[in-house]
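Take a look at this single chain in structure tokens; it is the form predicted alone.
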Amino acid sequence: MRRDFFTHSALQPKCGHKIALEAFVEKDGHVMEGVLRDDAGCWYPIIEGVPCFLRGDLRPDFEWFRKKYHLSEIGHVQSAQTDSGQQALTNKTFSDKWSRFKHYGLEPGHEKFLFEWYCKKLDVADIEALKQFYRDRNHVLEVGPGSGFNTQFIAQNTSGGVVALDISDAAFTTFQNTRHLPNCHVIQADLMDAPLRDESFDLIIADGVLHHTPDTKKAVFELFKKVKPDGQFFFYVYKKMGAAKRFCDEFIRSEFTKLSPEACYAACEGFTELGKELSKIDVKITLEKGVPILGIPPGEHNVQRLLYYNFVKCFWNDAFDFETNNMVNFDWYHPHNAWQHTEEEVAGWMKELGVSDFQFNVSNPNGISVLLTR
């Protein structure tokens, strides 16, 4: 954490109103260990360069840190998260994932696939247009940055500042991958209990994150509060798929969420191999009528994608090695929260929020990309 972040205009602790920094260890312009204290007597540790604002049952055990720096005990402060037990299980999934795949999106060959997908999600023509989309933003918030590959891209292409927020240990991975960027700050916090002022950001990005919370709609509404008037908010959530895909997903998840991350990675290897072998044959078929009851449209279908979108997750992309492809399948089946939604449902959220300026961007069949202007 850079020293200037604790004076960031968007930062507002939940207990008090003012905040002060006490640095214990500094390196390369960052406070690597320290505390942020508010005027209500709460303190928030900075560990490995990342300030942690988690509260209640989501707050890790910092007794070792308290004793190391002779800090006062603080009472149990309830967080806004009412289903913290279930969320803790989801956090375990992503803490493990981003400790294994620290360079996802940063490896040679990853950028073309991932940023071309972002172009579709944000409805911009190409990578240069994507850079332009970020260029004049003053305050950007990315929620759930994972490895931080997109956080880094945004920070490199904006004249303003970027805050990355993650509830899991992915915050530490993002920090390590963005610590060289002076306009980038990383915090560990719950988006439902974020220490950030309302109406502080002119752009918020939450890509593939909100459906992993206990309640997608509540998460959308909470982040919407943080958007400035005339600011924009992009989020991507899972789309409700056909009956066969939902059946398979529910059955597999009911088994795989019981597994440790290590065991689930192993269990997903069969799906990854299936995707790989189907991709090798690259067979296409044409359905004149489609199968409407299963949500399969008419037209030309790649067989691997036909199975992938309509029956079982068997992701494969030649840009990734086997382990990274397997991680994508793990990401689908291991998280305890993985809600799916319809466009009609999401449009209803927009109506409740009073948002009329929004668009659904076509990025892939199993997700809903939403870009709104407040």
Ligand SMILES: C[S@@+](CC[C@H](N)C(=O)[O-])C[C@H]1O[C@@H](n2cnc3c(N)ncnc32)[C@H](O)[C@@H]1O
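The numbering used is simple: start at 1 and walk along the sequence shown. This is a predicted model, so every value here is computed, not measured.
Keep in mind that the form predicted together with this ligand is missing from the display, and what follows is about it.
Select, from the options 291 to 299, 137 to 145, 275 to 283, 123 to 131, the stretch whose residues sit within 4.5 angstroms of this ligand in the predicted bound form by heavy atom distance. Within 4.5 Å of the partner lies stretch 137 to 145.
Could you work out which of Val220, Cys184, Leu191, Val227 is the residue within 4.5 angstroms of this ligand in the predicted bound form, going by heavy atoms? Comparing distances to this ligand in the predicted bound form, the residue within 4.5 Å is Leu191.
Find the only residue in Gln304, Thr178, Thr213, Ser200 having a heavy atom within 4.5 Å of this ligand in the predicted bound form. By the 4.5 Å heavy-atom cutoff, the listed residue in contact is Thr213.
Is there any non-hydrogen atom of Val209 lying within 4.5 Å of this ligand in the predicted bound form? Output for Val209 is yes: heavy atoms within 4.5 Å of this ligand.
State yes or no: in the predicted bound form, is some non-hydrogen atom of Ala170 no more than 4.5 angstroms from a non-hydrogen atom of this ligand? Contact with this ligand, yes.
According to a 4.5 angstroms non-hydrogen atom cut-off, is Phe149 in contact with this ligand in the predicted bound form? Although this ligand is absent here, Phe149 would touch it in the predicted bound form, with heavy atoms inside 4.5 Å.
Though only this chain appears here, would Phe233 touch this ligand in the predicted bound form if you measure heavy atom gaps against 4.5 Å? Result no; Phe233 lies far from this ligand in the predicted bound form.
Though the partner is not shown here, which residues of 30 to 48 have a heavy atom within 4.5 Å of this ligand in the predicted bound form? Result: empty, none.
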